[in-house]
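Before any questions on how it binds or moves, here is one chain, the form predicted alone, in structure tokens.
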Amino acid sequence: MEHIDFSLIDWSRAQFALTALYHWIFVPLTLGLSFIIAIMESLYVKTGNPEWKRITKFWMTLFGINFAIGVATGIILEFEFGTNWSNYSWFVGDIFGAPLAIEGIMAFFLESTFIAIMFFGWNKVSKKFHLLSSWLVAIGSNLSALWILVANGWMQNPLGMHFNPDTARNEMGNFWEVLLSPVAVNKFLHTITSGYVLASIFVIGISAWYVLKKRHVNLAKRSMVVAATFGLIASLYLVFTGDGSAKQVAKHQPMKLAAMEGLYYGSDNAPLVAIGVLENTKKPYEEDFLMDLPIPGGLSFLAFGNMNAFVPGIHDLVHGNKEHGIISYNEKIEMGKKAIDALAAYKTLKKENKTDEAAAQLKIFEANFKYFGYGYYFGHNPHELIPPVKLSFYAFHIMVGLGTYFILFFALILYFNLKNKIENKGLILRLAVWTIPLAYIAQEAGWIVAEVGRQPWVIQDLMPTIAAVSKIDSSNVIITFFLFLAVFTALLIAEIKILLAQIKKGPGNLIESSTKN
């Protein structure tokens, strides 16, 4: 096997992670705030109360600032597939490209067409048409996420395709199977719902600041009621989508699940760790808990809906478990190597017009293709296929812990608003302001769970990162990494400054109306 430039691989992964993490700062707010704005404008159209129009236009301004910068980081992210991951881009064929093309043509076009009406059409089109434009912007924003997450879902569970041995590319076999994959559907629903939660917290936190400062109190209180209601519904639904995602991970990515829970040895009635601190042990590739609070049978139920079900641990997956029909990574590596060798032999024999021999090699390839990606680790330690356990474990538990807190947070905010007591709850108002960064931490933790937990796979079981990178000099990636770091950081600082300036300015010359809706 050819020499592997691990420096190139590590820097390419770091650059993509950097871009994705920064991009994901902006996307969730766009997904959620677009719907909150549409709901607020619906209240304006329904009631005719100009205060709702003022409220809508204020949050629309903040939405526009965030939307513009999010688009810039997203474009760079897609370019990196061609620059740093060209082998991956070739291997996935039209499967990855098709959803992204649809996203560009359909969803982005929908956003671009109606966002101008949404911002500049207040006095140029009818109320109802303007409202329709706002809803279409929200739908378009979320459709953008749909197609990107369908592509990502296929990477986590590749199906609906056929590998063409002549071109060494995966070709779309069934578009609907790709689109409606349970992994993709759960990923989409869980991701956009998390965006709704973040946007709701964003609106509540800023509104809480206004109440504390005794500025624009009517705007703040009404905004908080809309956002808390929307956020509470979204956070409860997030539990449902999270449960579905966990079951899909258990089925298709058991190593990710084991890493998320720090589970090294599988068991029946596997416990779910509510709180835990991992520590290194003397054994290689193994960690133990310094302290933990387990829920007996919790992980078994989360993964399979049965508290007595067997959940495989990292040791079972790497070394195999015959009792439960789990083959070892070494066996998968052997089968993957057979597939790689058979593909190379098939292409050579076909060029030499040795049809029968080529057909025989093709059969060997097809019989072992399921573990094609493992073959790239032939001669390597199979433990290299274990994802970073500590990072996956802590990210998962931070995400879940904060998600639980958000449910209680929304309930409290909504209760005190409906009781008209929120102005007297200084502690809760301050907590609301500081919950904004916690929402962003939860978002980034979720991304880390999804992407770091499946390492080293770019496409689950079929292509690892060592086979996906472009053949370029690592120095080019290092230079662009730091250039992107500087640019993205500047963009983030610029957005924060612009947002803070707009928030301090408030809704401008808006006049507080009565509390009557």
Partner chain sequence: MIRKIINFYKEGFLSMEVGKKLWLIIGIKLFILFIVLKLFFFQDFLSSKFDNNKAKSDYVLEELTNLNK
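Residue numbers count along the first chain shown, from 1. Worth saying up front: this structure is predicted, and the values here are computed from it rather than measured.
There is also a form predicted together with its partner chain; it is not shown, and the following applies to it.
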Quick one: of Gly446, Gly375, Gly313, Gly205, which gets a non-hydrogen atom within 4.5 angstroms of its partner chain in the predicted bound form? Gly375
If you check Asn330, Thr229, Thr83, Asn152 against its partner chain in the predicted bound form, which one has a heavy atom within 4.5 Å? Thr83
When you measure heavy atoms, are Thr61, Phe91 and Phe484 every one within 4.5 angstroms of its partner chain in the predicted bound form? yes
Heavy atoms within 4.5 Å of its partner chain in the predicted bound form: which stretch among 463 to 471, 27 to 35, 46 to 54, 446 to 454? 463 to 471
When the contact criterion is heavy atoms within 4.5 Å, does Ile117 count as touching its partner chain in the predicted bound form? yes
At 4.5 Å between heavy atoms, is Ala168 in contact with its partner chain in the predicted bound form? yes
Would you please decide whether Ser12 lies within 4.5 angstroms of its partner chain in the predicted bound form, comparing each non-hydrogen atom pair? no
So in the predicted bound form, does any heavy atom of Gly140 sit within 4.5 Å of its partner chain? no
Partner contacts in the predicted bound form for 345 to 359 (non-hydrogen atom within 4.5 angstroms of its partner chain): Lys347
